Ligand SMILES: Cc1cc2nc3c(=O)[nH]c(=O)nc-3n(C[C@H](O)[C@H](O)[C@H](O)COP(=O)(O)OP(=O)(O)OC[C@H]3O[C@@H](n4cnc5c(N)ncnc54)[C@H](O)[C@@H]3O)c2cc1C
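Just the one chain here, laid out as structure tokens, in the form predicted alone.
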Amino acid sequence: MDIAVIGAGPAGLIASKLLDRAGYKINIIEEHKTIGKPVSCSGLIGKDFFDHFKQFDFEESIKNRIDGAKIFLGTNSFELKRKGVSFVVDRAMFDQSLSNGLEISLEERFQSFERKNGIISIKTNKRKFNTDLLIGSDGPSSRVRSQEFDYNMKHYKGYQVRIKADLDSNNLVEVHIQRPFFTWIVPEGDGIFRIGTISDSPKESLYRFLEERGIKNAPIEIQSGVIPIGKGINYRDRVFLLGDAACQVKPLSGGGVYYGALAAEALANSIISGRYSSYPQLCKQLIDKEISRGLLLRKIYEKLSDDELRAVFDFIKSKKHILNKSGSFDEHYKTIISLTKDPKIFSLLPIFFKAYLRTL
């Protein structure tokens, strides 16, 4: 059986790797000339990913270990500490390690597909060919998705620089809450930091932040991209969506590597079993509840007034001891649920309810 995979990001490569090992013929198409580039990700990946996917070797791509975070709202802040909660990776090396042993057609752009007599016909900028199954893992602006799938989604713009800076945070991430998302400082190691933000005008917002912090060095590298936040169906008649193309992204942080990888594993299992329609059900069990609840929390977060946001921040700060024990890098809703054990959270219910009404 032939399987066409559009896009050689982590999700597409993991699915391809698992299917290749199972004996399927995999035809991977990647529009860029180098696997893993251009980089459009902070490169911060949680420990859960590495614990789950031990069959892959990412050792050479890991640049630094993160032992917690310092969370800011203006000048107010608190620290969360947990040794090895996440790792900073070289995303190009990370992706390339997944591509080892796979044949990938580079600089080939998918254009369209159509079904003919039980076969899917693929058209690219270089050729036409037939396949039995099609996996669209072609990123936030997926051409596969746009042809046949309806999604309720929004794209958020991100901008990041790698820069030398004299900062004292070697193993702690800084998170500065600035809606609609936040600004981050991720220590890569050797005095290099990845500093980025997500906003309507991320470049301007980021350089304003750098100026406020007194960081004046020229960037070593500039990276940018978009984050797809939303939901929709991910399977229809032998065509699957995967990763960013399927909005398999954490709505509160925008990270997508772990969720996309879990979905890739579910997709491979569905294809190997011959039960293609089980893919959406497996995704629902693994990540869809977390995404749906995260979408609701994101709507509320974006509608909080400044005073309401400060009240929520102060409550979370007062419960940092709970987050240090039970907080999750990847499962944000479960993290929030852990805070509900304190009856004081009920004082925030009117705030959440008012913000929710503003979303309607």
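The structure displayed is predicted, hence computed values, not measured ones. Start at 1 and count along the sequence shown; that's the residue number.
The protein also exists as the form predicted together with the ligand; that form is not presented, and the subsequent description refers to it.
Picking from 288-296, 29-37, 56-64, 313-321 the stretch near the ligand in the predicted complex, with a 4.5 Å limit on heavy atoms, gives 29-37.
The ligand is not drawn, but in the predicted complex it has a heavy atom within 4.5 Å of R109. Contact check for P251: no non-hydrogen atom falls within 4.5 Å of the ligand in the predicted complex.
Taking the partner from elsewhere, W184 is found to have a heavy atom lying within 4.5 Å of the ligand in the predicted complex. A residue is said to contact a partner when one of its heavy atoms sits within 4.5 Å of a partner heavy atom; P140 meets this definition for the ligand in the predicted complex. Contact check at 4.5 Å (heavy atoms) against the ligand in the predicted complex: all three of G7, L44 and R91 pass. Checking V257, C283, L134, A268 against the ligand in the predicted complex, a heavy atom within 4.5 Å turns up for just one residue: V257.
The partner is absent here, but in the predicted complex a heavy atom of I227, alone among V173, L206, I163, I227, sits within 4.5 Å of the ligand.
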